[in-house]
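Structure 1 and structure 2, given next as structure tokens, are two forms of the same protein chain, each shown alone.
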Structure 1
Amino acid sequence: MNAAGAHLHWQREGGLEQVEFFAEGMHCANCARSIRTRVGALPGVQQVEVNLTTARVSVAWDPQRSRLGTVLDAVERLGFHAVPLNGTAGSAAQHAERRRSLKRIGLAGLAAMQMSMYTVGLYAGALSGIDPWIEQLLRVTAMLIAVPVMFYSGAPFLRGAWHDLRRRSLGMDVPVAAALLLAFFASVLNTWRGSGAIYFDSVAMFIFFLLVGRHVEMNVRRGSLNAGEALVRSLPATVTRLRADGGSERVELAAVAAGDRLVVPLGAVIPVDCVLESGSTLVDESLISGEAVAVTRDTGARLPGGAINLGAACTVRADADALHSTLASMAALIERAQSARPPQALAADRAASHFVFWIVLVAAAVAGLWLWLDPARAFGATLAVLVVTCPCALSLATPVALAAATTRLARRGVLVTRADALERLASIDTVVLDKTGTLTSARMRLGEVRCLGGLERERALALAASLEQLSAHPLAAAFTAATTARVAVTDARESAGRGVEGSAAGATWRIGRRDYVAELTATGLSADAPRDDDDEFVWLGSARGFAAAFALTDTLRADAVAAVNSLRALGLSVRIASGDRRSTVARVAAELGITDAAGRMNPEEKLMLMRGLQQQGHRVLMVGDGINDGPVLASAHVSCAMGGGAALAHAASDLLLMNESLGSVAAAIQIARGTRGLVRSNLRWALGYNLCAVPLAAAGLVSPWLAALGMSASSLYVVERARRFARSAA
């Protein structure tokens, strides 16, 4: 396979190159850790992200110091096969892996059933007598059947153990392979000797149960626990693009660029972020926002990639290519969260690694003790200990729970963008809310307009709209919607939380907070300036003085009261920290029943408030949406940004509310607490199972095949609990 051509491969910012692929054969935390360590040590490699849940690997490197072939060769030398991420080749590779898994399971299952007949004959013969040549025939026949089971069906465990030992690490395949090899070759030796116990049936059943467990686990983790992959797969492979001559053509989605005109048929997925060119259509945006009710979009409306066109076929104009669409960004954020290793998962990985070491020691101790007490029982007891103590469930306990939680939250329109966010979210005791665009609707309306210094109303509106159209603040939309008149503005720059400055008609203008505009005006805050009780306005002015004042009105979100009540019901303290007018903040706080509310706060003051709460021992969740919220979001214990907010707020946040519903904040906290409980319960189960099973196996009360069944069942139990948690109603 031409690796460079078959894999998704593109240029990144800063001169780095990146490749993403599936690592076929990766099934445990030790596999993921080996890829991170070995590939991360290559010259020029800057970043390695490995997602155990999806077996996806992302590597970024300096092309001046390394190349794609070096990265892929390193993965292959570790014993993993790099397969394409997208397209038919990627799907074929995953289907081939499943087919191989089923073939191995089928062979092991048939062999186990066949050998059970021979072993029953041997057991019966031991009780009532059997001719030596018949006994030897049954032994040899069982051995011949066991050979393909051992070296074909059991190949993944043998190969995994070999690569673990080459990497000088003790993974979960090491004790499994040791048990298989000991049982198989001891049985071969006893077969040729014509005496002693044989374990060919136990080997076949052990491999069968392990393979079934691994196959089910693979399907569950790659299916129901992978929200990011579901997002990516929802996009069409090809789209219909309109040519300049009026004709159309089918092109790959990757070939779509900003400005292309596309046809979206009825029932089709909208492939990229775009603008509806004409008419209206009904759009289902549930995959993006979590909102189950379809909405009507008219000409000029923005449509997010990943939404479904439920109306008539329509023509759209692409705003971005597929790689930079809303859907791709969401998938990348989810992938980033699932690829990173939170402290809980890292601790579980380390515990599992140390656990394997202790397994070997315990097995050696059991072997020595039984060789002293009753040599005939030593081998079976040692095998059972090696099998029953495989720490699969311990390593899976945390990652499957976190993957389940991120999937469940994604279905509610909440994206987890950092892996350890859920762990931190479960422990918060205080919620700080921004007001504008968070508690209230971001769609502000322009109310009273006061013109000062002889400036005409239409001129004032044109200046204000021209300055505000350069701002990402939610207040800006009220001005741009109030008038279509514009003036040319140059040298524009925004002061976070204060306002916008720019040059127009030969003068420098500012619009924003009263004190911000006063810094520019000749009057400053002198007696000629507007009075303090006029502070409820947004001000416009130049060096000649204040020119206009605008009153803006906003309303609470429909679910704001219920959301705040839900937060209180969880035992949380709720506060408001806003850059808006104090009187407006006080009114909103009164409507919500919040006593701790502060207005006219700039980014530095919000940051000081956050640090003050943290110094008092509070663990704080900050919810905001604007540029001015970026610093405080970054410093909070956990941060959450509204999906329609500024890109800076998104980058600083641990969670994104794509559905713009405040009620999802309380739901996210409940899910985080449930996840914490699930992780702890899974860990208790995994540890408790081993503590109970090891004494029984060491005492010779558990046969090797029964130990295999118990080990597989414990792993499946952990994964199944996570699957149910992912699908449960939030």
Structure 2
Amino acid sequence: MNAAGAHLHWQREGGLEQVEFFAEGMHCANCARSIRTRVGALPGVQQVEVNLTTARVSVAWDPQRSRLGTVLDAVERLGFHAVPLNGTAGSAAQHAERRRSLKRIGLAGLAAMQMSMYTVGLYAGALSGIDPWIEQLLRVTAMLIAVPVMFYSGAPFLRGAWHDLRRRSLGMDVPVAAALLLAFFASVLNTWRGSGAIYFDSVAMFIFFLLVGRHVEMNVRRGSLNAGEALVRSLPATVTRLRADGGSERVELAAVAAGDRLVVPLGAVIPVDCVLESGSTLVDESLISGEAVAVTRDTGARLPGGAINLGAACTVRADADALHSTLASMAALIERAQSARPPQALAADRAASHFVFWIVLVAAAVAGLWLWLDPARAFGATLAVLVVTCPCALSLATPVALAAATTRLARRGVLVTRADALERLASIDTVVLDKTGTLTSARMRLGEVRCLGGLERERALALAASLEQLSAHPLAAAFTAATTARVAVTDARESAGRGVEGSAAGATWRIGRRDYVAELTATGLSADAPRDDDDEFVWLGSARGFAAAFALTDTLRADAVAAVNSLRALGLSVRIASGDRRSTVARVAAELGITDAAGRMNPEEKLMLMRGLQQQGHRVLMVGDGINDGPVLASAHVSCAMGGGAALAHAASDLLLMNESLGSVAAAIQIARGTRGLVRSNLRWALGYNLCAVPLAAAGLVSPWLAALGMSASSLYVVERARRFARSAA
């Protein structure tokens, strides 16, 4: 059954294998948990991520200890079907599920209306007399209608409960199914006997309300959660490609390869990351960066896939195929953030599971008590307790709030790449900012060039540019922009935060910090070297000695002052930790009014600073450029990296600022705090509702249909609040 080859299955770094698929039949937090625990318990399985909303499962394992077949079989044994994941299969499955859900609702709604008329007839008959055969006719007709409602419309609840029981866990469907089956079969029995009350109309109405609640919840969660899919869906299905002979053809987006030349019409979405070939145009990159103002791009500029072409039809050259574009990486990161369940949500899930256990216990107690007091009312009261206390609102409270916050942040150009980042972000009290590329613009200018070892200026620049073009460090761009001359470099490698080494023209060269280059040169400086020891310069040298020194200047970002002020306004203490020279750091710190600023820190020293702050009990947000700050970012409570490009590909940080605007940091912290408030009040509300509803239902004051309405309304209220939060002005 499992054609292993059809699944999206690949080798991951670290010798692991990974597979992704849809788990058909997954519809509750319990199902997701059972996949996580059972598959996670297989030998060699390192990581299991389950996205409840999209039913997407991702498993990584050690191929020495398990095989793909083992993993897929484990999923099938749990009662799910592993459906291969390919572009359209996912949305087709969602489409079919939506249709089924609508049909179930339609049947239950129409049947409930029809049956309420029979109920009116039966009530009227009971008061003013009715022929016994007509009474029985109404009962049997109601039962005829109730059968398809129960077993077609109600199937998701019955099946869910069956799976739950088989897995020996108590899910939300268990009390619902118990209530449905009790009411249905009691009514069938009474119809058979020809006396006593029938609850067919209540069953139909309960199923109708529950289905409507789940349908709305499904739509809202898909709508707000699938930011990643919305990104991908905005892409055109086909694009116009220019053939080598000058003609053009329509090809599928998936067929586009790096190097293809494409025509992007006016108003169309730019399909892949590409370079503008000729002319200039206006593009709206808001989907990628959250930046609302359209920008002008000239020939040779890089355009991210997903931007909208607002200027003129233009010709572009694809940089990457559709699968490896900025947009695809963003979609993958969002997907990752949503699949992992944050600890908060896990705790709520566990609570919901305990809660169901207590409901069943309370329902049994209520039944016993009423049987003793007044047997006629026992049935209705037990039913109401089972129905009214469905813990849906409780287990929805956290995930919908987090999903809403993620959506809102994405609109501000902040990408959340880890599920629990928001929770941690809400509690930070200290912000440590890197300088280069964070507080200052990543664009550096080359200033003075001093040649030291008889190398002429042009040659030194060409060497520097050729070495630095291999580096993603913000300084590198200054060199590559300063000259177009290049020399061939082999064996290049980068030493994070220190420099680049490579072989060119028969010698090994190093460019970077002075002490880094000095390891290679092993000679002193010539007399005309700049005397400033505080590494004012970027140095170039080979085994024959220092060859050149380059002065670089950077400028503060336009929004840096406002951003730092808004961080302070949130009550956070702001620090600078930079690898740059002390004088520059001091100048930047003075401009921003920051007193705690440290310069000339290498990654280890930054790490020490971070540990020190954490030992003092501070909760630290580190904002860096995401490239040479890797270890520091990883050790912070929350890390935030600037920008797309290299940062997006590595994505070691919890948050990514797609629009490279520092102001978004403060906004993100505010949204995170708002989310924490929303989660707490949602949980309080769900708990409060249940605490009020249970005693009323147990006292026999709530009729079964009213209980169904109350339960659905409580879930919808929680979902609606999250939706409002997502839409409120960021």
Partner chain sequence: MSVSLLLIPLGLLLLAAAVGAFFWAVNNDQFEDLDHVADGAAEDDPAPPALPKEPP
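Only the largest set of C-alpha atoms that superpose within 1.5 Å between the two forms is called the rigid core. All of these numbers come straight from a predicted model, not from anything done at the bench. When a residue number appears, read it as a position in the sequence of structure 1, where counting begins at 1.
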Pick out the form predicted in complex with the partner chain: structure 1 or structure 2.
2
Ser101: with the rigid core matched between structures 1 and 2, does its Cα shift 2 Å or more?
yes
Core-aligned, is the CA shift for Gln670 between structures 1 and 2 2 angstroms or more?
no
After superposing the rigid core, is the C-alpha displacement of Tyr516 2 Å or more between structures 1 and 2?
yes
In Å, how large is the CA movement of Gln64 between structures 1 and 2 relative to the superposed rigid core?
9.9
